[in-house]
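Presented below, as structure tokens, is a lone chain in the form predicted on its own.
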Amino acid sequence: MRSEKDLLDSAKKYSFRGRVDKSVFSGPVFVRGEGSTVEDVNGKQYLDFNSGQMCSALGHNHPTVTDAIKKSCDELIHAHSSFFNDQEIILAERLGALLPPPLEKSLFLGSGADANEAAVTIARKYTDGFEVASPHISFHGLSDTARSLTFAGWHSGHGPLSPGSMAMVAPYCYRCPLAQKFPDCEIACLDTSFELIDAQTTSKPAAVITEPLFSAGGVVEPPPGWLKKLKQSCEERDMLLIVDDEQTGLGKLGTMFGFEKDEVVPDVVTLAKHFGGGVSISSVSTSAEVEEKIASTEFVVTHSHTNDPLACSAGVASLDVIEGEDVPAKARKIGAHLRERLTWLGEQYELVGDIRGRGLLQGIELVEDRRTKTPATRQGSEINRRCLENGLIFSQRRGGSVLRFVPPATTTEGQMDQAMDILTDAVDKASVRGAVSG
């Protein structure tokens, strides 16, 4: 096997270094994974509490998924996208049975950005409108339209946003932009947002696209009732509600879909990430009524690998795992233990300002002072470095002050305790104030 140095030297010469959270040529260089762990070229193992790029939340190399991929390799890897293939139809049928009515029509694409681009096109075609709004801590992908509706970052140097893109005030209660307190605010962020949308609209607004829990924006969960009120505000303006459930759906939050908590059914929903069990596949789903109208208006968003049988086979296998192993129940159990350990951490260290999230998607926000809430970005970077050195992977958000944890559904109680012990040691060493007094 080639050494880490040899591989990194080659990367410096031949590989792009433009990563989401990293722009240097450094290790670790990974070579294999299983369940909740990954191994680098040096043989060192890490607990992967980011689930790869959140796409291995069922566990790395889940045997049900790998068996389906091997079978597809023997039968049909790729198919003409103008025709149907059996795996595509089976996957659409399975997904239609899981989604709440009337969401029963699905199209399968490659990435989450692909699906969100398609969802925006669907909304514009269906409503004959144009403007699309998204909360100001959202993440929807890094293709052109998706990036224009991604307000959590990743805009620098990319020129003006695509026409028709609007930012809304996000329901970030810990750092409310309007200096309000829930529930006394009566969700003023939404009222303010729609006043701005109404004022800026130049034609007819088409949709709002939102996550049910803002993952890349800092693991921020909207207050109860926000999503329901958002749906009502969209209906009043004949806008569609698109829910980007790519980082939050399919069991990750402890429910099958992230939008279920507020008992809201969106007009369009997108899925991705662990949908393929590690293989790249995404979906956009809507009602038969919406599909009927747009399908007759020259709606084409397909590419060379749309509905590919190998990816769809992986999607079917992932649903087998999600339903057969009751991943929502696993997420609730693992999430409860994770929350218990994070809560204890917050009780011990002033550095931990807020704890939030659900199931397999949780995070802590670090602050230098709990009264001023000054983001502890330096300490966050130090904690991340120490944890990586000691075999724990997670991601940082909001300049490094938010630590996001996405443990796979295969994570055992022992692995969770090991990860939290590594984190506790790192927080202790980075903490400016030490233990909370009293």
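Please read these numbers as outputs of a predicted model, since none were measured by experiment. For every residue, the number given is its place in the sequence shown, counted from 1.
Just so you know, the form predicted in complex with a small molecule exists too; it's not on screen, but the next bit is about it.
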* To do: Indicate whether the small molecule has at least one heavy atom within 4.5 Å of a heavy atom of residue 226 in the predicted bound form.
  => no
* To do: Would you please decide whether residue 111 lies within 4.5 angstroms of the small molecule in the predicted bound form, comparing each non-hydrogen atom pair?
  => yes
* Although the small molecule is absent from this view, report whether residue 247 comes within 4.5 Å of it in the predicted bound form, heavy atoms only. => yes
* Asked: Is residue 141 one of the residues lying within 4.5 Å of the small molecule in the predicted bound form, judged by heavy atom distances?
  -> yes
* Could you tell me which one of 116, 134, 313, 286 places a heavy atom within 4.5 Å of the small molecule in the predicted bound form? => 116
* **Region of this chain that lies against the small molecule in the predicted bound form, out of 81-89, 239-247, 317-325, 296-304 [heavy atom, 4.5 Å]** => 239-247
